[in-house]
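One chain is shown next in structure tokens, namely the form predicted alone.
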């Protein structure tokens, strides 16, 4: 049982990182970012290219996160800020959908469509501790996710820009009255979201074949995790991702017949019983 929980937490940590990026953007800009998963895919290809040029894994991870931060900031500054002034939220959602197609096309053009084997973060036989089988890759993924979540929470709750971001998520009109630099907050949020996407892409790539569409399922599971935890709660995104990963693992082991449809069944049940999610709260209407 404990082995199932551990493996579920490892998978859930990837869902959590992707869901956090989705929730950060949605709660502050009111835009559902459908490009979160494909940005992780594109950054994973960049990481693969670096690793094939004998760049060390830690340097490749840092480089990909920095590239993700830069791309997020450039996207907000060069595109989303302009679209926000001229179209509706629906139009901005369409832009993120278009971005997914652009990223998949660019990945196919520059890196090809043949599935590639992404090297694992660590190699070696699984470890055993108190009867629990611990995969080394899962251990590293959990450790990275834990550190990232801790850093993000420190930023959100202990720094001025983090507190300002949360204020914007609570009430955009009041944030403007208080003189909070909204443009800078938007840049920070999109940058942080795509930095998280890069980490998620690197963590999941060794488990799957690296190809332009390999993050689609992860993005779907991240949306479900966000709904489960609460679409306006970063804490909910973390808890929802971990919970979904564990539940999926148990279902795959005990009831494999419904493993492919379980997550969809779960999200329907959650929407019926807890429409705002476990940690969600009813969103106030924006001015």
Partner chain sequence: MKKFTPILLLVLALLIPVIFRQKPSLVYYLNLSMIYAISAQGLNLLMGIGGQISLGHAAFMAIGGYTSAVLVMVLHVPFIVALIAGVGLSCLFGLIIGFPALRLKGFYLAIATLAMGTVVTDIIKRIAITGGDYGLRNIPAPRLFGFTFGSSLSQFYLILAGLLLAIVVTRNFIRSKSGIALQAMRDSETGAQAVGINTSNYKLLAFILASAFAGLAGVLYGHSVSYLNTTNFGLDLSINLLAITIIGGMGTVWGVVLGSFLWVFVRNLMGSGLEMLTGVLFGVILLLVVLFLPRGLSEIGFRIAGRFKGKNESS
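Numbering follows the first chain given and starts at 1. What you see is a predicted model, and the numbers here were worked out from it, not measured in a lab.
Another form exists, predicted in complex with its partner chain; not displayed. Remarks below refer to it.
Within 4.5 Å of any heavy atom of its partner chain in the predicted bound form lies no heavy atom of residue 139. Remark: residue 123 does not count among the residues lining its partner chain in the predicted bound form, judged by a heavy atom distance of 4.5 Å or less. At a distance threshold of 4.5 angstroms between non-hydrogen atoms, residue 104 is in contact with its partner chain in the predicted bound form. For the chain shown alone, residue 77 is not a contact residue for its partner chain in the predicted bound form, no non-hydrogen atom being within 4.5 angstroms. Remark: none of the three candidate residues (48, 54 and 114) comes within 4.5 Å of its partner chain in the predicted bound form, counting heavy atoms only. Contact with its partner chain in the predicted bound form, defined as a heavy atom within 4.5 Å, holds for exactly one of 147, 155, 208, 97, namely 97. When its partner chain is considered in the predicted bound form, only one residue from 26, 235, 63, 247 comes within 4.5 Å through any heavy atom, namely 26.
Note on the interface: of 221 to 229, 39 to 47, 65 to 73, 238 to 246, the segment with non-hydrogen atoms within 4.5 angstroms of its partner chain in the predicted bound form is 221 to 229. Using a 4.5 Å cut-off on any heavy atom, none of the residues of 122 to 139 reaches its partner chain in the predicted bound form.
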